[in-house]
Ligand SMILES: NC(=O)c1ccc[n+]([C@@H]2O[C@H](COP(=O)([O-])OP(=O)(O)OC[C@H]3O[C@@H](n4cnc5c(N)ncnc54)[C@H](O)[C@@H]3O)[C@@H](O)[C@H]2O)c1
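Given next, in structure tokens, is a single chain: the form predicted on its own.
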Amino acid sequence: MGFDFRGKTAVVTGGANGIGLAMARALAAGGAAVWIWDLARERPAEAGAAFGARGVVVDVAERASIDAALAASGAPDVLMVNAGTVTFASLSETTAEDWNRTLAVNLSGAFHTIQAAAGLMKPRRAGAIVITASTNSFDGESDLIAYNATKAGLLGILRTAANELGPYGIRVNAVCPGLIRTRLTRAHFAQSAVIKDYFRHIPLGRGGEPEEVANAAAFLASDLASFITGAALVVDGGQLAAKFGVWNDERAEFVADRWRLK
């Protein structure tokens, strides 16, 4: 069953690559008029032109940039709050600059995007917002303190926004991806020994693809999820469900970037 977004306008922040691009493609495939927001270096107009979407240069860390983009697109029926950044550094080595920039994009950017869009959506008494959170919303993976703090904070935004916007018919949900094959994680996937050990703890025995997260997000944004709001859908192959390693060399083998039973 495909998703039906015909007649709807959709905005995807951070939509020029990775999970955001997959989201934009899924929405467009369902018939939505899609607007991709991203930084100039990501060439959002070029990314969107490949499948009939429109691209706009937006920095979600700047409220004026968000407002200008919404003035161009009008009120969205679907909003994918996906823009994000990450810096790898330990607690003691995280600089104030890195901390502030990560919060400005991942957390404040999400707040301002949702606040501005919701103001336009409320009079319609309908709409769907999907936030890209993370499995890091729940755990404390090392060397990612700023990123983890923002992703945990997104769940606070999620639940509060779902509570306040529900009376206006606006649903707010989140997807929480685990390790997904994107530009950011490409180097990890290229190291077989690293991912072999990492994937021991994932019941499905592999990493995810952007399209798998996009499909979950599209579901939450669609009318198929009409009675779902305030939910955080984990898309991690079961990683958070597994306390200890699932896979071992006695009963399985690691082939083509995934564990398989012998």
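Keep in mind that this is a model prediction, so the values were computed, not measured. Just count from 1 along the sequence shown to find any residue number.
The protein also exists as the form predicted in complex with this ligand; that form is not presented, and the subsequent description refers to it.
Undergrad: Quick one: from I180, A146, A118, I157, grab the residue that has a heavy atom within 4.5 Å of this ligand in the predicted bound form.
TA: Selected option: I180.
Undergrad: Could you tell me which one of A133, L79, A161, A110 places a heavy atom within 4.5 Å of this ligand in the predicted bound form?
TA: Going through each option in turn, the one that passes is A133.
Undergrad: With heavy atoms only and a cut-off of 4.5 Å, decide whether V58 touches this ligand in the predicted bound form.
TA: Yes, V58 is a contact residue.
Undergrad: May I ask you to check whether A83 falls inside a 4.5 Å heavy atom distance of this ligand in the predicted bound form?
TA: Output for A83 is yes: heavy atoms within 4.5 Å of this ligand.
Undergrad: My question is simply whether R101 lines the interface with this ligand in the predicted bound form - judged by any non-hydrogen atom within 4.5 Å.
TA: Yes, R101 sits close enough to this ligand in the predicted bound form that at least one of its heavy atoms falls within 4.5 Å.
Undergrad: Quick one: is T185 in contact with this ligand in the predicted bound form, heavy atoms, 4.5 Å cut-off?
TA: Within the cut-off, so yes.
Undergrad: May I ask whether A33, A75 and R171 each come within 4.5 Å of this ligand in the predicted bound form, counting any non-hydrogen atom?
TA: So, no: the whole triplet misses this ligand.
Undergrad: Out of the stretches listed (92-100, 133-141, 119-127, 162-170), which one is close to this ligand in the predicted bound form, meaning heavy atoms within 4.5 Å?
TA: Among the candidates, contact is made by 133-141.
Undergrad: Looking at this ligand in the predicted bound form, which residues in 2-31 have at least one heavy atom within 4.5 Å of it?
TA: Heavy-atom contacts to this ligand in the predicted bound form: G14, A16, N17, G18, I19, G20.
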